[in-house]
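Just one chain is shown here, as structure tokens, and it is the form predicted alone.
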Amino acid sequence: MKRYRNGEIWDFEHEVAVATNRQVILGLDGGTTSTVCICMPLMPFSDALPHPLPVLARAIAGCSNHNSVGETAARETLEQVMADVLSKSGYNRSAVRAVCLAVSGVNHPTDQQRILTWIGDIFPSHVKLYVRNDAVAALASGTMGKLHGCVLIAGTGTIAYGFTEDGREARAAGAGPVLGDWGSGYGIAAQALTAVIRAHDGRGAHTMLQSTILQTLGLSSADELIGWTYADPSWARIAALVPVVVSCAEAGDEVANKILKEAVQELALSVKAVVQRLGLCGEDGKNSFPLVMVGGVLEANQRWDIGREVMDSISKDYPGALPIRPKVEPAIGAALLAWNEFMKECVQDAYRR
């Protein structure tokens, strides 16, 4: 185990006794907006998980998507949040048995290997390391660690990700705003900003989005909106305008309603693409499967409920879709994934002996 470039963040370990008989697992959910890490004790294998789940500590940090903040910042955020959660729980790295890092921006095996290389320098060699896209942790948070079904995330970004019981997987969307994460918070808000500019210069229809967004941002004219947008075009900053779009749609604005209706269709289409590719619905299209729904865009918004509209659209084609709103956060889903994988490897090792 090396002392990483930010070795000082592990200085707390000098004051923590080495645990000889107490073992823990870490689950990390790294999104575009924030990164959450939780520490749980290594539970004995059982068909039924304890309720409530024993969480020893929780830590939070900023964005860890390397596509958004760069490799150096992403790596430092991941290390810092894991050090923080171990410090809070009173353990050091020698007590860790497994870590699952579910991070947005993990889209290819090379992304996985990059993060495994970073983390491999931090933990002792006995620690089992698993790297997944953050959508996988979100799915596990709804299925309590079982990788089966489909998850739809619609927050700052969006992605649909699914697994069959035999381990096949597929995804749709999740390529970031440049490549069209339509239906995401960023996508909805960016379309609203575009509608304001179009209305201002005469290319688009009049919309109350113009006055409402300008008032929300404290701007006096649409011309100032250009400077506001490019001063800091971060995804989360733009996506924060979604509630304004929803309120305008609820007030009857045609442009805002059109934006939300198109978002609903895009989100539903992502799920349908994954379900069809994996055959989750069975040959007759009616088999049941869990559909985990996560993210601020899908939460109830008074009369204009985007999540309900998305579910209604999906149910028309796949009546067996069983919507699940997770009762635990994705970081716990990541910890349950680490626990499941670690236990499977322990069983396989026992059989080999």
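The numbering used is simple: start at 1 and walk along the sequence shown. Keep in mind that this is a model prediction, so the values were computed, not measured. Superpose the two forms; the largest set of C-alphas matching within 1.5 Å is the rigid core.
Below, we turn to the form predicted together with a further copy of the same chain, even though it does not appear here.
Could you check which residue among Val127, Val131, Ala190, Ile119 gets a heavy atom within 4.5 Å of a further copy of the same chain in the model of the complex?
Contact check passes for Ala190.
Sort through Trp235, Tyr91, Phe123, Phe163 and report the residue having a heavy atom within 4.5 Å of a further copy of the same chain in the model of the complex.
The residue in contact is Trp235.
Hey, in the model of the complex, is Ser184 touching a further copy of the same chain, heavy atoms inside 4.5 Å?
Output for Ser184 is no: heavy atoms all beyond 4.5 Å of a further copy of the same chain.
Hey, in the model of the complex, does Glu71 get a heavy atom within 4.5 angstroms of a further copy of the same chain?
Judged by the heavy-atom cut-off of 4.5 Å, Glu71 is well away from a further copy of the same chain in the model of the complex.
Does the 4.5 Å heavy atom contact test between Gln215 and a further copy of the same chain in the model of the complex come out positive?
No, no contact at 4.5 Å.
Taking any heavy atom pair closer than or equal to 4.5 Å as contact, tell me whether Glu224 reaches a further copy of the same chain in the model of the complex.
The answer is yes: Glu224 has a heavy atom within 4.5 Å of a further copy of the same chain.
Can you say which of 73-81, 242-250, 92-100, 173-181 gets within 4.5 Å of a further copy of the same chain in the model of the complex, counting heavy atoms only?
Every other range fails; the passing one is 173-181.
Is it true that Ala205, Glu309 and Ser315, all three, sit within 4.5 Å of a further copy of the same chain in the model of the complex, judged by heavy atoms?
Per the other structure, none of Ala205, Glu309 and Ser315 touch a further copy of the same chain.
Superposing on the rigid core, do we see a C-alpha displacement of 2 Å or more at Leu269 between the shown form and the other one?
Comparing the forms between the shown form and the other one, which are aligned on their rigid core, Leu269 does not shift its C-alpha by 2 Å or more.
Tell me, please, whether between the shown form and the other one the C-alpha of Lys88 is shifted by 2 Å or more, with the rigid core used for superposition.
Stays below the 2 Å threshold, so no.
So, does Arg97 move by 2 Å or more at the CA between the shown form and the other one, with the core held fixed?
Result for Arg97: no, shift under 2 Å.
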